[in-house]
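Just the one chain here, laid out as structure tokens, in the form predicted alone.
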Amino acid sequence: MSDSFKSTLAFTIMALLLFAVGIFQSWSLSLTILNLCLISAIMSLGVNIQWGYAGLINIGIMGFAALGGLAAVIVSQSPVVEAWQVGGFGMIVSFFIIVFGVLIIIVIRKKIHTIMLKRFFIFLVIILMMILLNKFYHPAVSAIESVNPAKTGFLGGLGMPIIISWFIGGLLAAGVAWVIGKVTLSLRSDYLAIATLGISEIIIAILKHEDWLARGVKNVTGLPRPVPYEVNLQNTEWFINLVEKINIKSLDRIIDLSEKKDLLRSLVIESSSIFVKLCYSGLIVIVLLIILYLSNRALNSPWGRMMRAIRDNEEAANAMGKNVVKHHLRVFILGSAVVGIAGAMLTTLNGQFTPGSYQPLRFTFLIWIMVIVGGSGNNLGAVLGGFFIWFLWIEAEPISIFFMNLLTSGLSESSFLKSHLTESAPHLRLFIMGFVLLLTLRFRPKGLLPEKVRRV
């Protein structure tokens, strides 16, 4: 069985599963799952770039996804004029204090070669930065967060179309990845994993507690959309005519005019939700295809072969004059940027930014399972893993309830065992995820679509 046939078969099965959800549950749910699968596939591609190409263990995925979500807020929200008036100057001064402080530290590290003297001056710069920030930053934060905290209490954003945040989210995640990579990529793989996890928790903690940035745990809701709103479609003549034309046979069977109007109204409401989800699907598919195309080009290029050579044997690559840390930094930035893009897309799809929802289970454990099950080192495998694992994550609960009801069908309704098993069924989701991972590691350790090894 050829690799192309395996890929086609796998994605055909996924399409049939989504089609089955549409038939037996609802098309709106099927499209919702599809959109989340597409975004998960993009995140999985980002991790595959880091792990599959270079062997880098990044456990800080949720931090970069949150930065993408922050970009959606900063780009799309209108600026809060009152907040800028009372605290804008202090925040700008604080920003330049940090930038100049970092630049001075970089100069000290390059120009001063005596270790003790270098440490002394760096310590002195940090102390001066803290004193100046205490003078400008804290008063500005207090002033900003006191401006109508029930509705705003933050600086707001740029008031631009939210779709621009998908690009900005990637840039923001890439910039933070550069800083993190400079500090951590010289560490051994296990220490790198711990460091990235800790840094991502720091990012989430900042987003939760710095209300001036994006309202913290108060959340930012009602983000603008790059697609039409359902309520607008429901009152648009061309859309109503389109729905009527599609459902003409069903409407012609009804003689009563009022019943026909009610049915048409119901169909328009249902169709508006499906249309909006299809618009999102189209946008996300375009981004996924672009990233997939560029990822495949990079993987099959001389750069991609070099990265895999470094992954397989760092010592040999070092001996051949390759700067391993430098190349690791580049691939770490690229993978993080892709995760940041996916994070911005997810926040756009949800229509709100909730820092408390960035849990390690959702953005770390699941994404890593996607890469492992799909096939690390294979971009199509990462995409397949994103589809399959997220579909299973959503559908695990109804599947568990169905099989538990089937298993206990012979027991009486008053049976304690039956009630206990049916109530526990929704919690089998984590068991199913672990079971799928164990089966994959046992029988398909290289994933459903393994990495293609080309012999020269």
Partner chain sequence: MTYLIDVINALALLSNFVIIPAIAYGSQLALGALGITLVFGILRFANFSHGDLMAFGTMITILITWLFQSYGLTLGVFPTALIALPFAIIITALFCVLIEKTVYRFYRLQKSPPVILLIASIGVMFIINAIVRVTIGPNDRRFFDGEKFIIKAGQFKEITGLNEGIAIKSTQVLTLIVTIITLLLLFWFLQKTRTGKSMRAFSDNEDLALLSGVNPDKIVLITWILAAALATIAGTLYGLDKSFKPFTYFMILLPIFASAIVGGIGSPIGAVVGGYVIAFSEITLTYAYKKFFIYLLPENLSPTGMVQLLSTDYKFAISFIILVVVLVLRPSGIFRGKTL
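Everything numeric here is computed off the predicted structure, so don't read it as measured data. Positions refer to the first chain, counted from 1. Between two forms, the rigid core is defined as the largest C-alpha subset superposing within 1.5 Å.
Only in words, not in the display: the form predicted in complex with the partner chain, which the text now covers.
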Contact at E201, A205 and M433 by the partner chain in the model of the complex, all three, heavy atom at most 4.5 Å:
yes
Touches the partner chain in the model of the complex: I106 (any heavy atom, 4.5 Å)
no
Would W368 sit within 4.5 Å of the partner chain in the model of the complex, counting heavy atoms only?
yes
Please determine whether A15 contacts the partner chain in the model of the complex, using a 4.5 Å cut-off between heavy atoms.
no
Quick one: does Y191 come within 4.5 Å of the partner chain in the model of the complex, counting heavy atoms only?
yes
Out of the stretches listed (294 to 302, 182 to 190, 71 to 79, 92 to 100), which one is close to the partner chain in the model of the complex, meaning heavy atoms within 4.5 Å?
182 to 190
The listed residue (C37, I59, L31, A54) that reaches within 4.5 Å of the partner chain in the model of the complex by any heavy atom is I59
The partner chain in the model of the complex has a heavy atom of only one listed residue within 4.5 Å, and of L392, L428, I401, L411 that residue is L428
Does any residue in 337 to 360 get within 4.5 Å of the partner chain in the model of the complex, counting heavy atoms only, and if so which ones?
Q359, P360
Core aligned, does the CA of A396 move at least 2 Å between the shown form and the other one?
no
When the rigid core is used for the superposition, does K418 move between the shown form and the other one (threshold: C-alpha shift of 2 Å or more)?
yes
When the two forms are laid on each other by their rigid core, does I105 show a Cα shift of 2 Å or more between the shown form and the other one?
yes
